[in-house]
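Next up is one chain by itself, shown in C-alpha cells, the form predicted alone.
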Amino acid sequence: MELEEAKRKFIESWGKLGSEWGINRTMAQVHALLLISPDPLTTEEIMETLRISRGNANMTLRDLIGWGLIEKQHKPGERKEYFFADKDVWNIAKQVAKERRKRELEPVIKVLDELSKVTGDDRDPEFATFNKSVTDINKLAKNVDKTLETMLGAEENWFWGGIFKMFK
C-alpha cells in the first residue's frame, strides 16, 4: 500500500470510528487529516483534501477547537488561518474523555442525583425497583466519573500501570 492510499484509509477509518463513538464523521475525518499532517493546514487545504464545503469545514473546525482537539494559528504576514492537531495520543484521549465527561456523564449524574431523592414506600415493589435501579446506575456513573478524574490527572505510564495491575 502506498502512502497516499494509507492516508485515505486512515482518514476514512477514523471517520467511521468517530461516528460509532457519537462524533460527526466529518469532524473525525478532519481531525484524522490534521493528525497525520506534518504541517498546519488551511481551511482551503482541508476542503480540497476531504472534498467538503466551506460551511462544513468552518463548522467542523469550530467544533474541533471547542473540543480542544485542534488549535488555530496565524503565520506572520498572512491572513489565512492554519489549523493543527496535537499528535500526542494520550493528550487526545484525555481531552476526549474530558469533553465526553462534561457533555454526557456530568448531566446524567445530575439527573440521577435528583432522582435519588425521590421518596416512597420501600415495601412498594414499583418504588423499590425504581429506587434500586437509580441508585445502582448512579453508583456506577460516579465510579466511572472517579476513574475519568483519575485518568485526566494521571501521567500515561502511571495510569496504564494501574489498569494492568487490576487485570493481573
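Numbers for residues come from their place in the sequence shown, where the first is 1. Quantities reported herein were computed from a predicted structural model and do not represent experimental measurements.
One more form of this protein, predicted in complex with the DNA, exists but is not displayed; see below.
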Q) What is the one choice in G66, P107, P125, G55 with a heavy atom within 4.5 Å of the DNA in the predicted complex? A) G55
Q) Tell me, which of R103, K117, K132, R51 has a heavy atom within 4.5 angstroms of the DNA in the predicted complex? A) R51
**Q.** Segment that reaches the DNA in the predicted complex - one of 108-116, 24-32, 137-145, 95-103, heavy atoms within 4.5 Å
**A.** 24-32
Q.
I'd like to know if K80 sits close to the DNA in the predicted complex, meaning any non-hydrogen atom pair within 4.5 angstroms.
A. yes
Q | Proximity of K87 to the DNA in the predicted complex, heavy atoms at 4.5 Å | A | no
